[in-house]
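The chain below stands alone and is given in structure tokens; this is the form predicted on its own.
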Amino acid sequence: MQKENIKIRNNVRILGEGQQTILFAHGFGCDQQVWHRIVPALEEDYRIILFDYVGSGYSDKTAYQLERYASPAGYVKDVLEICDAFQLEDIIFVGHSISGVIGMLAAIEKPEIFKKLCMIGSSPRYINEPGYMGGFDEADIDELIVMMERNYKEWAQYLAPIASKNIDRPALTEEFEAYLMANDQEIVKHFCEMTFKIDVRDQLEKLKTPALLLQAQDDTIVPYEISQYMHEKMANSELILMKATGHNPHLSAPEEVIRFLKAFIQE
């Protein structure tokens, strides 16, 4: 695809003029604006690439194809097409939640593009199985999807405080709820189902790219045990348990995320 088509499809924006490129990938239910507390501290020294997955933010929603985006492979393809269109190489990929996994799969497929990965609150499998605690029973996920179909706003109001986990800072919950409400609801439902039913545990050992796992405390969506599991399976990984709480430390504790990210980039 032509560069301009990719730029429009994924609402690609480029900031900063540094030599090192950082590609930020937002999590489920959000868009690139979710990085607004992180980017200002980095754009003076780095080249920043921001984008929206198809169906999110100001992406071209007419480009959404259910078959393509029914699995992580479609989103991986988007990431690699962005890298190809803008001739990105040796990049630092920063992915929140499901995007950490999408970045991992992209780095396995095209390792020459990726210098390092930073995975914030990511999980290869959310559903519990004998001997594996993903955090949710399958019935919980099914109920969540039914809630989305029945009353999307009620679902967003239910999920936002669970993800934010900062009761004394209601503005964070309101901000995350606003992200959930801003995107195409039908596409978000499909994205939700894809996210919470993935299983890419068999891919963890294939990753050779250095990876930083940032895990917040009291994360209901991705328990600490998941990050420990990933760290054990990923040979070239570093796990940091942050002081931040909840699933969105880039919103609740940006200074801490920036500090660890800068240290990781400069290693």
Partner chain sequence: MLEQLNFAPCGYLIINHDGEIHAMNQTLKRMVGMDERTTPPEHIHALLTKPSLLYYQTYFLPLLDVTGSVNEIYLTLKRNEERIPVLMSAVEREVDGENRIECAIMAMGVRDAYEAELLQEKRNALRTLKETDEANLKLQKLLREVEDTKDELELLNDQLQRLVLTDGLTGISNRRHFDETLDSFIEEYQRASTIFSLLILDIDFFKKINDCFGHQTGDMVLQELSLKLQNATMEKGFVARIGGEEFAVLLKNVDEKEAYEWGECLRRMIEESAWMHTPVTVSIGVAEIRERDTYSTILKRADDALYRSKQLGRNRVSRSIV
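As the structure is a prediction and not an experimental result, all values here were calculated from the model. Numbering follows the first chain given and starts at 1.
Separately, the form predicted together with the partner chain exists; it is not shown, and the next lines address it.
A single residue from the set I92, M194, C83, I141 has any heavy atom within 4.5 angstroms of the partner chain in the predicted complex; that residue is I141. Partner proximity in the predicted complex, defined as non-hydrogen atoms within 4.5 angstroms of the partner chain, places exactly one of 18 to 26, 241 to 249, 255 to 263, 5 to 13 at the interface: 241 to 249. Contact between V146 and the partner chain in the predicted complex is found at the 4.5 Å heavy atom cutoff. Within 4.5 Å of any heavy atom of the partner chain in the predicted complex lies no heavy atom of T209. In the predicted complex, H36 approaches the partner chain with a heavy atom inside 4.5 Å. In the predicted complex, the partner chain stays beyond 4.5 Å of every heavy atom belonging to G74.
Contacts between 193 to 222 and the partner chain, taken as any heavy atom within 4.5 Å in the predicted complex, involve F196, D218, D219, T220, I221.
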